[in-house]
Each structure stands twice: as structure tokens, then as C-alpha cells.
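Next up: a single chain in C-alpha cells, the form predicted on its own.
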């Protein structure tokens, strides 16, 4: 993280020093054992702990020093603010850092530009197109590859640069076992377990709702990616042109992924609307809502496109779906999606610190 002390860092350090003396919440998640392994909290450690925190809010509801106590401890909100600062510091190129503070404008602008680019190359917008290659009669395959490839490559390179910057702030060389433990913790959302009974989210009662919704969204995203990968093989290696039959593998994977993405995103949006606002950092929530809304829109537009692909509605739906997907790719490196590489890096670091062989 940045060397300059910020108000968010000072507040988080104060809270963690009190937590380190109290230690009441040590069984809730990985953050508190990691706190206990420290006596001081420099900037790099604050960034690590902030990204290790999954925001389950269990510590807030259990804390005897939370408001209205005069110390007013709010660990989830304090770490959320530091987390956002840590993301901003690693955004590459650095000129895009300000977009993290304006997620709606950035995403809307990216989708609009992508839509205009797709629309400029589109043909036959007012008539139906059917049969193999129907999508390419609207937008040529070469244009789809150019737009999708350029935006996806930009996202990968920018995210990789951000992930490398995040890891340099943590330091150390992980072994394969550390990566496997981190993958396990990320895939199972272990830190949303709330000590075993679920997280007190959206209210004070333990619940697995957020964990299940995250799994649905992530699983749907992976299935949709698998559908695109299979379709790429079908197109370029087997010579089978989209759109594909309803019971083909790309369509089955895409439908399952779209339904899960839509259900998971909708559930998370609803949970955020009814969640207790006290342990949340309000200024960080816009990025969450924008990403969830964009993923829900991508899933919904893809499902509607599939249902109406043989009608005159297909061309505008194809342009809309493409614009949403491209907008997502372009904004991945400076939006809430940054939590992925940062959280994984924190989980790897935590696995390294817990390794008895390193002690």
C-alpha cells in the first residue's frame, strides 16, 4: 500500500490494536488469527488484513466496543475503506485510478462506447436472421474477435499488473501447497462461514444466504466462461457456426451459467438492500452494486437473446449483449472485480503465515 498515512489507515490501525488486546472474535474468520500474529500494523499489513476480510460483519455484532460505546469500533467498515485504498494503489495504468470512485459513470461510459462500436459494424438490424452464422450476418466474426479480443486482453494485462503490484506489497515466495490452500479457501468461501454458523448478514442472525448467492454467481460466471470456450473450439477448430442448437454443449452451459449468474446477482443485490447499514462503509458500496447490476444485465440479456434469436429482436439484442460484455471486460481492472486478485493474494499470504514449516 501507499506509504502516506490516510485517515482510513489510522482508523483501521486503532481498531486492530484494540482487537489484538481483546481477542474475543478470534474464531470468526482468518483475519483475527492473522491480527494475533502481529504486534504492529504497517501499511502493507493493513492492506493484507483488509483484503483477507470478507465483510461478513460477525465481529461488528459481537464487539462490546462497537457503537454506542465511546470507542466506536467498526472493524468491517474500517477494513472496507482500507481495502478500497489498496485496490486504487495497484490499478494499472495509474491514470484510471479515479474511475474506482465513479463506478457507475465509468461502467455506463464503457458500455456506451462498446455499444456504439458494435452498432457501427452491424448490418440488417431490422430483420430476422436464422441458421448457422446468423450472428455474423449482423456483426461480422472478424469484428467480434477484434472487439472481444482487444477488450479481454486489456483486462487480463491490467489485472495481472494489479495482482503483481498487490503481491509485491505482501512479499514472500509461496509454495504450491499455499496456492492450493488459498484456492480451497476462495472456492469454499471459508471466511463467510462466520465461525461455522454462517455470517450475521444481512441482519444479526447467522445466515448462509450471502455465501450461497456468491457461489451461485461465481459458478454461473465459470459456466458462462466454459460455454464461450467450448463455442470457440466449435467455431475455430470444428467449423460449427453459432448460433448452436438448443441442446448443444455451449447452449446448455450458457443457459445454466446465465440462470445461476442472474439468480446469484439478484440475491446479492436484494441482500445489500436489506442489510444492516451500520457495519458497512457507505462510500464503498457503489462499486459493489454496479458490478452486480452489470453481471445481472449480462446474464439476462444473454438469456433473452437465446430465447429470441430467431426473431427480428435478435440484432438489437446481440448489440446490447455484446456492449454489456465488452463494458464488463474494459472495467474489470478498475472496479469491484479487483477484489478477486487482491483477495486471492491475501489468502495465499495467510496460507504462508499459517504454514508450520515457516515458523
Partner chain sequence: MESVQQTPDILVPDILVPDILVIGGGHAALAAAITARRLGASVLVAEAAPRPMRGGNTRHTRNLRAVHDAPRGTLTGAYLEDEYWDDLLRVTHGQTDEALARMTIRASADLVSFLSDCGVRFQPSLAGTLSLSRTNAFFLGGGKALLNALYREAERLGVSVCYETPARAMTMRQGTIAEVVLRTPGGELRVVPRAVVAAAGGFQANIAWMREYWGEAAENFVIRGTPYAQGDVLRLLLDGGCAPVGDPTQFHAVALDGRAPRFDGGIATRLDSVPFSIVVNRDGQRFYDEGEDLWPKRYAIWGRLIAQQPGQVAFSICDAPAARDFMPSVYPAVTAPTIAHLARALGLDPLALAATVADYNAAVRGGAFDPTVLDSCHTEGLAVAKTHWARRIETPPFVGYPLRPGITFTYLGVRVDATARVRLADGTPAPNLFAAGEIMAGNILGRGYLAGFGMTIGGVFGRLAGEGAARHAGN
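Residue numbers count along the first chain shown, from 1. This is a predicted model, so every value here is computed, not measured.
Form predicted in complex with the partner chain: not shown, discussed below.
### Query
Out of the stretches listed (48 to 56, 34 to 42, 297 to 305, 317 to 325), which one is close to the partner chain in the predicted bound form, meaning heavy atoms within 4.5 Å?
Heavy-atom contact with the partner occurs in 34 to 42.
#### Entry: Contact flag, residue 18 vs the partner chain in the predicted bound form, heavy atom cut 4.5 Å
Yes - in the predicted bound form, heavy atoms of residue 18 and the partner chain come within 4.5 Å of each other.
### Query
Does residue 225 reach the partner chain in the predicted bound form, with heavy atoms at most 4.5 Å apart?
Heavy-atom contact with the partner chain at 4.5 Å: absent for residue 225.
#### Entry: residue 28 within 4.5 Å of the partner chain in the predicted bound form, heavy atoms
Answer yes; at least one heavy atom of residue 28 falls within 4.5 Å of the partner chain in the predicted bound form.
### Query
For residue 71, is any heavy atom within 4.5 Å of the partner chain in the predicted bound form, or not?
The answer is yes: residue 71 has a heavy atom within 4.5 Å of the partner chain.
### Task
Could you tell me which one of 98, 115, 133, 206 places a heavy atom within 4.5 Å of the partner chain in the predicted bound form?
Filtering the options by heavy-atom distance leaves 206.
### Query
Who in 62 to 77 is close to the partner chain in the predicted bound form, meaning a heavy atom within 4.5 Å?
In sequence order, 62, 63, 64, 65, 66, 67, 68, 69, 70, 71 come within 4.5 Å of the partner.
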